[in-house]
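Take a look at this single chain, the form predicted alone, given in structure tokens.
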């Protein structure tokens, strides 16, 4: 058995344990660097009343604390399921090098976790989205972007 197979099995076992413990949905994630698990996360949405407490988000936060960085380049994530839009965005922001998954979004949808609405919202114009979004332009917002662009000592991310 390869290391990848061992890690994905650990992630899926953790997802099952999470359901059995009643902590949240059937999702878990591990972050691995140099063949060592440096972080783990499970879905804690219902037990913490936090809709952002997804497995991948928890694992990314723990990995960043462990490594003392916001850049997880060189790390891999092993997720029990294909990441939702929020988690996929976080994976890209964290610059993880590779994603391994044990199931796909269709499997999650069949279990009641359907992200199709969210994915479809990304392709709509601001005024056409299900949750109304209104642009209230403020010069201060643009000023903040201008100052960021000109800032000499910024830490790029």
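These numbers come from a predicted model, not from an experiment. Positions refer to the first chain, counted from 1.
The same protein also exists as the form predicted in complex with a further copy of the same chain; that form is not shown, yet it is the one meant from here on.
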Discussion item. Please determine whether each residue of 37, 40 and 73 possesses a non-hydrogen atom within 4.5 angstroms of a further copy of the same chain in the predicted complex.
Written reply: no
Fill in: Proximity of residue 60 to a further copy of the same chain in the predicted complex, heavy atoms at 4.5 Å
yes
Worksheet item: Using heavy atoms and a 4.5 Å limit, would one call residue 132 a contact residue for a further copy of the same chain in the predicted complex?
Response: yes
Discussion item. Can you work out whether residue 127 and a further copy of the same chain are in contact in the predicted complex, taking contact to mean some heavy atom pair no more than 4.5 Å apart?
Written reply: no
Worksheet item: Is any part of 1 to 37 within 4.5 angstroms of a further copy of the same chain in the predicted complex by a non-hydrogen atom, and which residues would that be?
Response: 4, 5, 8, 9, 12, 13, 15, 16, 19, 20, 22, 24, 25, 26, 27
